[in-house]
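First, one chain by itself in structure tokens, the form predicted on its own.
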């Protein structure tokens, strides 16, 4: 019963088929191939707006390069203290931006809000002794699986843009958010004020494909240059592009995410007395105590400790291809811990 991460999941058959189809003959390199050339149009159709799309190999690269395109070395990014860019990217955003600083904000369930951003901005001025805020980054879904509504995003965007900053969204699990909220990709991104989106596919059925989606064209040139300088301009771009095209085609991305979300809701119901965050996507956070977590592991369950090893909170992540039998067995274990 492996619920450690959706990164452990297999590749969806539709995406494997797309890779096989792309693997015939020669194709132009460095994004000049037919598959990559179709990406801007495909994403623009899904998001109902002209957008520029840049493929990269990892979500960390997507976040770091996107932020670096909007943040100078003397700049700062406002984000939640549990954000992936703070906890899990080993300083990559700071590295790609040449030393820019992360300013950490609080908020329930790893979400920030407009009031928190506004309050944080009061400590800054044009003083050359201090970094200058240049971007706000939010995660959709948050690091605790909780969602931002379009209204919440728009409120953050209003403060962000009012201060002359860019709004970045870490969308490693953006598909889960769209599937869960039943809102359009546009409503959860640029229509709410998002300028730059890190669009993930690897966690949700892709072999390894991530993208930066720039809704504001002024960031395009910087992303293109920084992607190359940072070692993420893929020479055989067709393979990543073919995955993304198959991922979007016919709504596959939402179908896969919806299945994972639904199974996670079942786990959340079984563990409802121990939930430490609402179950809104494919992540389930429980705090039954260290002894109970140890019993779950002894019964064959695999999951991550959250916040610290040996603590009292655990995270279970349901992948798109999770076995329903494993979900039922895990649900029974969760219900039995009382």
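Everything numeric here is computed off the predicted structure, so don't read it as measured data. Positions refer to the first chain, counted from 1.
There is another form of this protein, the form predicted together with another copy of the chain, and it is not shown here; the text below is about that form.
The single contact residue among 251, 98, 162, 217, judged by any heavy atom lying within 4.5 Å of another copy of the chain in the predicted bound form, is 98.
For the residues 273, 290, 28, 299, the 4.5 Å heavy atom test against another copy of the chain in the predicted bound form is passed only by 28. The candidate stretches are 135 to 143, 121 to 129, 251 to 259, 152 to 160, and the one lying within 4.5 Å of another copy of the chain in the predicted bound form by heavy atoms is 121 to 129.
Using a 4.5 angstroms threshold between heavy atoms, residue 102 counts as touching another copy of the chain in the predicted bound form. Mapping the unseen interface onto this chain, residue 327 falls outside it, with no heavy atom inside 4.5 Å of another copy of the chain in the predicted bound form.
At least one heavy atom of residue 57 is located within 4.5 Å of another copy of the chain in the predicted bound form. At a distance threshold of 4.5 angstroms between non-hydrogen atoms, residue 94 is in contact with another copy of the chain in the predicted bound form. Along 276 to 294, no residue reaches a heavy atom to within 4.5 Å of another copy of the chain in the predicted bound form.
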